[in-house]
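Just one chain is shown here, as structure tokens, and it is the form predicted alone.
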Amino acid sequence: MAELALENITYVYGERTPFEIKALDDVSLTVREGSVTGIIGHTGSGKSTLVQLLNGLERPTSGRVLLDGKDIWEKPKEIKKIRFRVGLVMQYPEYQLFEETIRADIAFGPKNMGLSEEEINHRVKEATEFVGLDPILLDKSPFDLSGGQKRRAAIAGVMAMRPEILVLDEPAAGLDPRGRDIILKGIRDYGKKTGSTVIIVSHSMEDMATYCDDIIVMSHGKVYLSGTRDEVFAHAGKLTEVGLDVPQITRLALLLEERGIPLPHGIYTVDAALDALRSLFR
């Protein structure tokens, strides 16, 4: 595992031009090792800019990105090594598939790492299982796959490199509910099995509640709230102030409480609500 932290990070687009925009403003945070951490915020809150800094895809205007306490830009010529340790999956990664077959695409990263053929094959198989991709599809062209299958293949390609930190920007965007669940569950399982830290950017409070341990709420380029899932969702009023909300099931549980059904506080998922209702009426 590796510890990732941001120290007084500011990022400015179009610096010293009439179009200057400050996307991040003095952001400091630490991501807990081995956790699944969610980053959420309204459009323009800075969350996508933030994740592009984590593996050196962008360089901060000021401040430091620290990996195990060291500035990732301390040796700029070695930034490629950082990208093996911090894997980044951008939005709609399926558009970045380029090999003739899905197998070759997933194997591309491990091959660049200089791994043996046996190890590469093992990692391709393992990553395919994590994302729920049918092995029959491995020898097909990316053009023969559905949008959801392409998405899984692209994510598997980053997983196959086994980064110590896996960062995903809206990995389930545009997918149907079943597709969302397959991908997000696979991502969570990847983190648990490998011990890797996982960071997920999402606009869905339901996803945050179901799959994340910790949550960072961004607003206007700053960290607005951060903490464990329970700590963040306890501030429902503050979330509403920045255009967010608690999950729908939480609102339903609160409504049931108001009507005299004594449910416990802290219900954020459908499974938790079912367990509470079963206990109540058993």
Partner chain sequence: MAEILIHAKELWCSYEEDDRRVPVLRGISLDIARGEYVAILGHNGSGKSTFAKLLNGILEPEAGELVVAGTNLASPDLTDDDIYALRREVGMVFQNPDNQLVATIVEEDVAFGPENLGVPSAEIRRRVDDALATVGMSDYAGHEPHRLSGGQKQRVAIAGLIAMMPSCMIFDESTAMLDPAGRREVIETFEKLNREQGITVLTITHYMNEAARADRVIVIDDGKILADGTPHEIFADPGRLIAAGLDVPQCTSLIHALRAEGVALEGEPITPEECADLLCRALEGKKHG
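In this text, the rigid core denotes the largest set of C-alpha atoms whose superposition between the two forms falls within 1.5 Å. Quantities reported herein were computed from a predicted structural model and do not represent experimental measurements. Numbering follows the first chain given and starts at 1.
The form predicted in complex with the partner chain is left out here; the points below concern that form.
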* To do: Name the residue from Glu33, Asp230, Asp26, Asp245 that puts a heavy atom within 4.5 Å of the partner chain in the predicted bound form.
  => Asp245
* Structure fact -> Contact with the partner chain in the predicted bound form, heavy atom within 4.5 Å, among Leu239, Val223, Leu54, Leu256 goes to Leu256
* Structure fact -> Given 213-221, 66-74, 247-255, 231-239, the stretch touching the partner chain in the predicted bound form at heavy atoms within 4.5 Å is 247-255
* Leu115, Glu119 and Ile187: each with a heavy atom within 4.5 Å of the partner chain in the predicted bound form? -> no
* Asked: Might Leu277 be said to contact the partner chain in the predicted bound form, defining contact as any heavy atom within 4.5 Å?
  -> yes
* Proximity of His203 to the partner chain in the predicted bound form, heavy atoms at 4.5 Å -> yes
* To do: Could you confirm whether Leu175 comes within 4.5 Å of the partner chain in the predicted bound form, counting heavy atoms only?
  => yes
* To do: Answer with yes or no whether Arg180 is in contact with the partner chain in the predicted bound form, where contact means some heavy atom within 4.5 Å.
  => yes
* Do you see a C-alpha shift of 2 Å or more at Leu254 between this form and the one not shown, with the core held fixed? -> yes
* So the C-alpha spacing of Pro177 and Asp275 changes by 3 Å or more in the predicted bound form; is that change toward closer or farther than shown? -> farther
* To do: With a shift of at least 3 angstroms, figure out whether the C-alpha spacing between Glu129 and Val270 grows or shrinks in the predicted bound form: closer or farther?
  => farther
